[in-house]
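Taking the form predicted alone, here's one chain by itself in structure tokens.
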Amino acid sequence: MSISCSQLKETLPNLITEVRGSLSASFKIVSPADNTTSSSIVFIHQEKYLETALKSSASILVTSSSLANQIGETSKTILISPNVYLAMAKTLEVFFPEYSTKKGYIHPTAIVSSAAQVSSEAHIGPYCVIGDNVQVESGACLDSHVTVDANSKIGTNTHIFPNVYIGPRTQIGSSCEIKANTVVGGEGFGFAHDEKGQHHRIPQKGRVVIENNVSIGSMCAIDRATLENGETRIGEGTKIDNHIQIAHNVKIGKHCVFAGGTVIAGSTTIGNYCVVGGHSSIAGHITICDKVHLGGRSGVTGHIDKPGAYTGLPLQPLRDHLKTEAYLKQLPQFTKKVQKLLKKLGLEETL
């Protein structure tokens, strides 16, 4: 498919604000600056890629106004964007959709309860299992081997990838995506202990609520709440990477981002617009306020009530952590100096 600059500008008017060159120039592929063809469009959001892009065979470049002003005479068409990275994301999303499914299709191998309500505009793939009283709304797509347990709901235009398990009573909003081999609404980890030290399972009777526009990666586990009126909730627009554990009764706000390998223990509340670096661990029964950024491998063991950047274990504000790291690197030299000082004072035996 060939896409013209005029089509792109018309489709993304807030992201393509100016065209320098031919509006009829067209492209068929979005390429990196160092691997192009004459049918490529290249998005340049950093100056270090500009020279490579200008020397490339690509016919169209998208960049910021400040970088565009560094370009001299060129035969390429230059598109100006106030947010180049977002313009690239939307171009790929709109013009190069990754998935193509048949609406109003239920594969013959799928098992759908007679008590389920499946929209005539939904797609149910091979070997799916849809339980009693499940609702699957218009435009939803369930790929192969998806299981949706009883009394759950899949919202409009939500895409569930292969081998996903959706536990009972789970509510998933519109325009979400859940990648392969993830469990949403599985049983939480809860046990009561008797006087002999034996462990007795506490049945998990709550639910998970996933709000609209949430993205959940592969191999994640999001546990349902313990009690019937409780819930584990993921806020609107939140993005969750692969291999993430979210325990029962956790509540996560809107538009958060969690990098891979993060673990969140039960009954913790995380505010809106938080960013959590990979392999971080967050203890249970604590509260993290809005707009907190955690560096990778952070360990959170207590409440955070002030927005800002934190990292490390024990957790510190980012600036304090960087100072601590700098001092730790000097520790061997510092130790030698202390030993020399103690020896000079005749106190080396006390070290």
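From a predicted model like this one, the values you see are computed outputs, not experimental measurements. Numbers follow the displayed sequence, beginning with 1.
The same protein has a further form, the form predicted in complex with a further copy of the same chain, not shown here; the description that follows concerns it.
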How about residue 13: is it within 4.5 Å of a further copy of the same chain in the model of the complex, going by heavy atoms? no
Residue 168: heavy atom within 4.5 Å of a further copy of the same chain in the model of the complex? yes
Do residue 290 and a further copy of the same chain share at least one heavy atom pair within 4.5 Å in the model of the complex? no
With heavy atoms only and a cut-off of 4.5 Å, decide whether residue 26 touches a further copy of the same chain in the model of the complex. no
If we take heavy atoms and a 4.5 Å cut-off, which stretch out of 134-142, 271-279, 113-121, 68-76 is in contact with a further copy of the same chain in the model of the complex? 271-279
For the three residues 164, 243 and 297, which mark the spot I'm curious about, does each lie within 4.5 Å of a further copy of the same chain in the model of the complex through at least one heavy atom? yes
Could you spot which one of 64, 35, 39, 52 gets a heavy atom to within 4.5 Å of a further copy of the same chain in the model of the complex? 35
Does anything in 157-192 come within 4.5 Å of a further copy of the same chain in the model of the complex by heavy atoms, and if so which residues, in order? 161, 162, 163, 164, 165, 168, 169, 177, 179, 180, 181, 182, 183, 187, 188, 189, 191, 192
